[in-house]
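Just one chain follows, in the form predicted alone, and it is written as structure tokens.
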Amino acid sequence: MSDLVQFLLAGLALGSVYALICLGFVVIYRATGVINFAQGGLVVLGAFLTHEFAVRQGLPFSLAVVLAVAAVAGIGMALERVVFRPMVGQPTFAMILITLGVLFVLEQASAARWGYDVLLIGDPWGVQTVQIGGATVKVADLWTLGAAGAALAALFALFRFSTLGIAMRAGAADPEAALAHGISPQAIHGLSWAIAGAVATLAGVFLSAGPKGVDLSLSLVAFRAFPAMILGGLDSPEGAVTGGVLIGLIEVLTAAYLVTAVPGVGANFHVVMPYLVMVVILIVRPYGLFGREEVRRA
């Protein structure tokens, strides 16, 4: 029983991080209709900048995280202004290919500054553990659950109850009508990229916490969160959170129980399992659990 509690908390913590990454995908997709493959590069950059501020510059960890979040949010806005705004109206596939190019640029820029070795980000939790219900739980997992939950709640409050959030939703639903009411699509797009950069940084910090550290392989985690985004529905923030949590739980519980019980499936089957779940759910619900069916005129 204690093992199950431990694995459930670990799965929820991983799922919370996936939810943050997915939310970054969804915010940009709703605003621009583009799947942003550069999200993994923003995750890596955010974690490396946290290392830079906390370890190399010696700043308090909390301040380092705030500075990294602000920096990557600003870089996201700059990318939108310089790279993606001139592409408005161009074919969607061209913009998707550009996001892939931006991913490689961000990765190589990070490698040029911080190298290829694993670097610790200087978080205060390290390998500390606590006992909960007889289970040994990582302190980093508890902080991940609390901080990611607070960040997701703040974003939902922004989207639901603030004037800015309502403007973003209006711009995503009907850009022409929103423009007629004085809502600037450019401002909405820039803000979407800033939010995507901010949540990517938080995800990178929690994925790198403790002894794991950060290196370029961290960007691959964004692709492991991809099934969560598809599962929840490309245009649904609620789906992104639900899909992220589900995929985190499935991945951890598969690694803990199924891989051990059925060794023939392979040691990395837990990495494949989320994609299998995604395929099954898409066969039943092609637009994901919370996605909206596209209405086409006959």
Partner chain sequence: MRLKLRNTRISTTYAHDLVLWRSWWARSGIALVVAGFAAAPFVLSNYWTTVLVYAGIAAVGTLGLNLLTGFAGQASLGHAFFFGVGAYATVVLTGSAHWPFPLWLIGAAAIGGFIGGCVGPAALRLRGNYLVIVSLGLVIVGQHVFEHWTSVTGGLTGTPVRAAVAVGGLDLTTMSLFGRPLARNQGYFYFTWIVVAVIAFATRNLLRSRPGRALQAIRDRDLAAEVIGVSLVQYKVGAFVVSSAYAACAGAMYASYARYVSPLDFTLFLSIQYIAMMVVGGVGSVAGSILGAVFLTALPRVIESLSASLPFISSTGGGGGITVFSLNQAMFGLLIIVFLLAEPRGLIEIWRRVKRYFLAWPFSY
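Residue numbers count along the first chain shown, from 1. Bear in mind the structure is a predicted one, so any value in this text is a computation, not a measurement.
The following text describes the form predicted in complex with its partner chain, which does not appear among the structures shown.
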- Check F61, A147 and L158: does every one of them have a heavy atom within 4.5 Å of its partner chain in the predicted complex? no
- Note on the structure: Which of 123-131, 70-78, 224-232, 198-206 lies within 4.5 Å of its partner chain in the predicted complex, heavy atoms considered? The stretch 224-232
- Just one of A178, V102, L119, L191 has a heavy atom within 4.5 Å of its partner chain in the predicted complex. Which one? V102
- Identify, from the list V139, I183, I166, L97, the residue with a heavy atom within 4.5 Å of its partner chain in the predicted complex. L97
- Query: V65 near its partner chain in the predicted complex, any heavy atom under 4.5 Å?
  - Reply: no
- If you check in the predicted complex, is F269 within 4.5 Å of its partner chain, heavy atoms only? yes
- Determine whether any heavy atom of I35 comes within 4.5 Å of a heavy atom of its partner chain in the predicted complex, and answer yes or no. yes
- Message: So, W114 and its partner chain: in the predicted complex, are they within 4.5 Å at any heavy atom pair?
- Response: yes
